[in-house]
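Presented as structure tokens, the chain that follows is alone, the form predicted on its own.
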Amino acid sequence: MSETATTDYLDCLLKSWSTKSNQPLSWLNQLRASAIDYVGTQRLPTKGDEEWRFTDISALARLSFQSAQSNTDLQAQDIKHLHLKEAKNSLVFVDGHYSAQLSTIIDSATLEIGNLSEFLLTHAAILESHFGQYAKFDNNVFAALNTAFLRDCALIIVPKNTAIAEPVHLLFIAAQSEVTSYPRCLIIGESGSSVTFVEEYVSLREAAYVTNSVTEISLSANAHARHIRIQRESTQAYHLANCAVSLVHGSNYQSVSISSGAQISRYNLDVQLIDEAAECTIDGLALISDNQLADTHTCIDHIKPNGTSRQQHKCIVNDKAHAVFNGKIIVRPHAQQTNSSQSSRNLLLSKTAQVDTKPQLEIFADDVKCAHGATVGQLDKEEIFYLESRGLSETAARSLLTYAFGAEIINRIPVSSLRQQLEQTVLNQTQDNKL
């Protein structure tokens, strides 16, 4: 991809932004302006950049997709199948725009939940202190573009010592073709709080479009959050996502990320354990076929002592698909007594499937317990033979083993209806011999 092509693409986006941004320079517009200034000095990453050397996004430079406009055509019946029965509270965004008529908010007395325009009226000071503070855009052109084009946001504030029993559903629906949407989420867990939320990206039809999302999560002392992230967009789409998490003393973050959609997807997850005794558990699964490319980059940064992190990432790759995993764990000089482990396990279902995996440990402290490992392989022939000896066909044996490989991650999703949906998706794909 030539530098001229990437510059033209960004210039096209900048022109679109400048025609719509004539509001006074509030703190939010100042943030947008800073982001657009940064974009103006950048280019799209190429395979020549170390962090992108396995992921070719040159096709983006040939697109001229403008920002998605609000779409009010959808009715509740159109998306009934996408709702989670356990979720009393749901925020629905269509092509990045909040839809009040499709959303459901029941717990407003115990949970502060809504979109950007509402919170700017009632929680402006809180937003200003958190917005853009975790997902930095000074070295990330896609986070900068999301900030520059920011028009709406899913917002959750869990009050102090409040435990929300039911999951909160943040549903982002792609309904239009040849547009770019910029979803945004901000989740704030005050001290002693607990919440489970599902961040889900879906498409109503097969179409080409771009989703560029940013999620920021801040957990105060002893707060707990379970974050379930599902990406099952159109296989013609481009999905570029950044998530940044800040953990302070005694807080606990648990994440399960499932990626099965998009022609090209890239998910950056950065978790900072900025205080003592913080904990995180990160699980991920990429399930891809045909010519899909799924890239996951994570960084778990231990800054203070007594932190704990666990990570397991799996990929199931078939046909000519290509999965990428780069997982970095940093242990800073003052982060003594850190306990961290990382595992990357990958299953190739065809001779043309490809996985590039790179687990990394950067340790600058001497009193730590850290380990990592990676495997890439095919289904075990002895296990297939064993199942065949018990009466299964070879196809059934392969499907069962493939399902079991992915189910280890899916079973960690605490929302039963969503877990069952995903299990059925894997079963259908294996039984149809798509994987």
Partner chain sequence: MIVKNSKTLLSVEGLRASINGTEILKGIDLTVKSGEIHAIMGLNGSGKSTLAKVLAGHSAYEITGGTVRFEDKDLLELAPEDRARAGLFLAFQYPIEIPGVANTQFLRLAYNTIQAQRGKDELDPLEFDDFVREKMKLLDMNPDFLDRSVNEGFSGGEKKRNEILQMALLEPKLSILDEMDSGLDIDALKTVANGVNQIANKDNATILVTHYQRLLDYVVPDFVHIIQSGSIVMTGGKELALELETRGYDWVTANKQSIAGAVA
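Positions refer to the first chain, counted from 1. Note that the coordinates shown come from a computational prediction; the quantities given were computed from them, not determined experimentally.
What follows is about the form predicted together with its partner chain, which we do not show.
Contact annotation: its partner chain lies within 4.5 Å of heavy atoms from the stretch 380-388 in the predicted complex, the single such stretch among 60-68, 380-388, 365-373, 35-43. Under a 4.5 angstroms non-hydrogen atom cutoff, its partner chain in the predicted complex has Y403 among its neighbouring residues. Remark: A407 counts among the residues lining its partner chain in the predicted complex, judged by a heavy atom distance of 4.5 Å or less.
The closest non-hydrogen atom of L392 lies within 4.5 Å of its partner chain in the predicted complex.
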